[in-house]
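So this first bit is one chain, no partners, the form predicted alone, shown in structure tokens.
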């Protein structure tokens, strides 16, 4: 009897709402894509708390449970108008506002004694191109901030950098814009419809699953 081949798992995480928002587009996108088959893999979506430390522990549990081939963590970047794969995670927690457990670390390492930074192992430029080809605005971002989004991005990359990741699981972080209902009463604040964001992330995931050498194109910034 031929053994059954396991369909590769794509772990997609989003955050619960935070601050005063009743909704978080990162989780709405992940929830919408849960169970979809994309580029030979199947999406398993997990909601993370917007809490320093606890989010890291829940991510670790999800990695153990799902044994993914690819991991993409999503987070909200209010004020951005594009889907933005992040290039680098830094080993610092410096919170401008408290998290959902009222913690507000200042200049604290995400992982004490660990490297200062990790680069995403996703093909971020190919992902941007795929999202644009799907008709959705996208760009490479060179800063994931210093709040819980960067915290979970760094925690993910640190875990994937350990010797136990012998299978070469790849991962990284993507920031997404606010939803239109989040910017009502905030004139000039960018937003993007949920259906558009879902379509963009579907294209991004497909590119991440099928691209193993990133595009050699310019995506730098002057500031």
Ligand code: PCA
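Every value quoted in this text rests on a predicted model; they were computed, and no experiment measured them. Numbering follows the first chain given and starts at 1.
What comes next is about the form predicted in complex with the named molecule, which is not displayed.
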Within a 4.5 Å heavy atom cut-off, is residue 76 in contact with the named molecule in the model of the complex?
yes
Consider residue 156 of the chain shown here, and say whether it contacts the named molecule in the model of the complex, taking contact as heavy atoms within 4.5 Å.
no
Evaluate residue 118 for contact with the named molecule in the model of the complex, applying a 4.5 angstroms cut-off between non-hydrogen atoms, and reply yes or no.
no
Flag residue 26 as yes or no: does it have a non-hydrogen atom within 4.5 angstroms of any non-hydrogen atom of the named molecule in the model of the complex?
yes
In terms of non-hydrogen atoms within 4.5 angstroms, which of the given stretches 87-95, 106-114, 125-133, 141-149 touches the named molecule in the model of the complex?
141-149
For a quick check, can you give me the residues of 48-67 that have a heavy atom within 4.5 Å of the named molecule in the model of the complex?
50
